[in-house]
Ligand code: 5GP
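A single chain comes next, written as structure tokens; it is the form predicted alone.
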Amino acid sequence: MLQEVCALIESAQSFVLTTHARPDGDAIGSVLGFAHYLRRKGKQATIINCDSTPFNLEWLPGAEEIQVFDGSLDQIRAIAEADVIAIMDANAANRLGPVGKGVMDSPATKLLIDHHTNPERWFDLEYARESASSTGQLVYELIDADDPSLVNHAIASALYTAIVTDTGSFRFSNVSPDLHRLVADMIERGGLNTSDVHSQIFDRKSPSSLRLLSRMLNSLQMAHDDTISYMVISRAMLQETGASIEDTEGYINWGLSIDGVRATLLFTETERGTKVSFRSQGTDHVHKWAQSLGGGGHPNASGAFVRKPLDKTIKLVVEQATRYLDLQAETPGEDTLSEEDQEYLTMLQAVPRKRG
């Protein structure tokens, strides 16, 4: 498969790259790293995403050239006339937002580069592996198989960002000795100062994002004999702090840092329902839990969207924990939400909310 993808890249001239809604470090790093590589080979590469680049990733070389889909004639033409459309870090059409329809309708060869489970079957060619730490790792493998001398500072910065964010700074179970060797090669070839990269990604916070973090941590609740933790981000909290959804990247990991916790959940209220993020450690896998709600992801990091109000979603999902983790069931007849939790959610819902 690696040779087939390299042959496709060699034969094609024009590429459109895209990734999932609300792009994270792996998504942005992968599309930028791949675009820089293609351009060094003399190819035309256009990045069109459905959402804007997060604040803490705008420093990446080339980030200013990423287009946000607006339905313009130029963007529609680029998607329709591309030789290849590379769908990166996303393996389902509905994850691409409004870009998805144009991608599906385009006669271009659809190339999937991804590390998530259960890809849809409409891709023409795939370079996908669930065991990979990140999509950024797969992109580097493609470049290394073609011509590693093409790796420069821009490519290394982008792909290192992709890998470091999707591995939790190399602390998740998707990290292997081979990955460390690959990253060492990347650092050397790109002349990276990894301390600077880490600082740009993780140490640039706005005052509003810290206010939101404080409110979220204050919502912390425990369940199932303190083996499950969960936190809440309501629409009211976002409005009152002035923070955005993009500011919440990485917040969920605080719930997993509690001693004895095997899985943590973050419930984010939206106008249409509730987004649920799942994180776990080791063999406590959460992807099937997310899949039962129509979502998916990795064994230790998954997500789902539930079209129910915040309080009903919390009750539903927390009660499901015993089905997907080896946990003792709560006492029969006991409400999963504590009295304090119920009062907190009632208070959140009583706060007037702006429309839109």
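For every residue, the number given is its place in the sequence shown, counted from 1. As the structure is a computational prediction, the values presented were derived from the model and not from experiment.
In what follows, reference is made to the form predicted in complex with this ligand, a form of this protein that is not presented.
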| request: Verify the contact flag for P54: yes if a non-hydrogen atom of it lies within 4.5 Å of a non-hydrogen atom of this ligand in the predicted bound form, no if not. | output: no
This ligand contact at F69 in the predicted bound form, heavy atom, 4.5 Å:
no
Please run the contact check for F305 against this ligand in the predicted bound form: heavy atoms, 4.5 angstroms, yes or no? yes
Answer yes if any heavy atom of H298 is within 4.5 Å of a heavy atom of this ligand in the predicted bound form; otherwise answer no. yes
Exactly one listed stretch (175-183, 146-154, 129-137, 272-280) reaches within 4.5 angstroms of this ligand in the predicted bound form by non-hydrogen atoms, and it is 272-280
Taking this ligand in the predicted bound form and a 4.5 Å non-hydrogen atom cutoff, the residues of 96-121 making contact are H116
